[in-house]
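Only one chain comes next, encoded as structure tokens, the form predicted alone.
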């Protein structure tokens, strides 16, 4: 087996383990007969779900099934994988980005590239939370826009019903929108993210905190921007602990 093949197999195994964790499975017994090859295709049928998460997890499975092999907008033409979402279905904190990038499209999971590593750092080092256990992460569109451009209005319109159903099913205590497109989509209006980040908003009765996208921090990694995001996350964390 070549190094490339080993890397591909390890990546697939990691992705399967993440999907199992999304459904509340923290460990697999050595004698487990769980069929990992079918888990990603039929999670509600082949993955045992912890009883406390059954309702929300199954609701998310139904929403994903409703999407099917989606061709509702032109983004389907260039995608490799639909990137639905990842994390704890019972999370009180949901992060919403704008759309998958190249690595996300490759793996079928949100925020796993450079921006994803930065988001994980914000969640785990900055907030002291566990990304997989304490958060759920998704995007306003589920397929990668070409060249990582912002999603266009028709693409958002085609995908937003699924995001709305995701948020309705999870019904978190706090939503953090990452960047201008995600914030504008959920608030339904134009937003100057540099002026409105850090200010509490509301989405259908849920507290919403706009902040900078992790990709922006990578491009403009200044002390001022780092402090801004840190302050935004402190506010979100305080609200979660209320």
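Everything quoted here is computed from the prediction, not taken from an experiment. Positions refer to the first chain, counted from 1.
Another form exists, predicted together with a small molecule; not displayed. Remarks below refer to it.
By the 4.5 Å heavy atom rule, the three marked residues 61, 84 and 165 all fail to count as contacting the small molecule in the predicted bound form. Residue contact with the small molecule in the predicted bound form: residue 136 places no heavy atom within 4.5 Å of it. Mapping the unseen interface onto this chain, residue 155 falls outside it, with no heavy atom inside 4.5 Å of the small molecule in the predicted bound form. In the predicted bound form, at least one heavy atom of residue 111 sits within 4.5 Å of a heavy atom of the small molecule. Shown alone here, residue 197 lies farther than 4.5 Å from the small molecule in the predicted bound form, counting heavy atoms only. Of the candidate stretches 121-129, 155-163, 98-106, 74-82, only 98-106 has residues whose heavy atoms lie within 4.5 Å of the small molecule in the predicted bound form.
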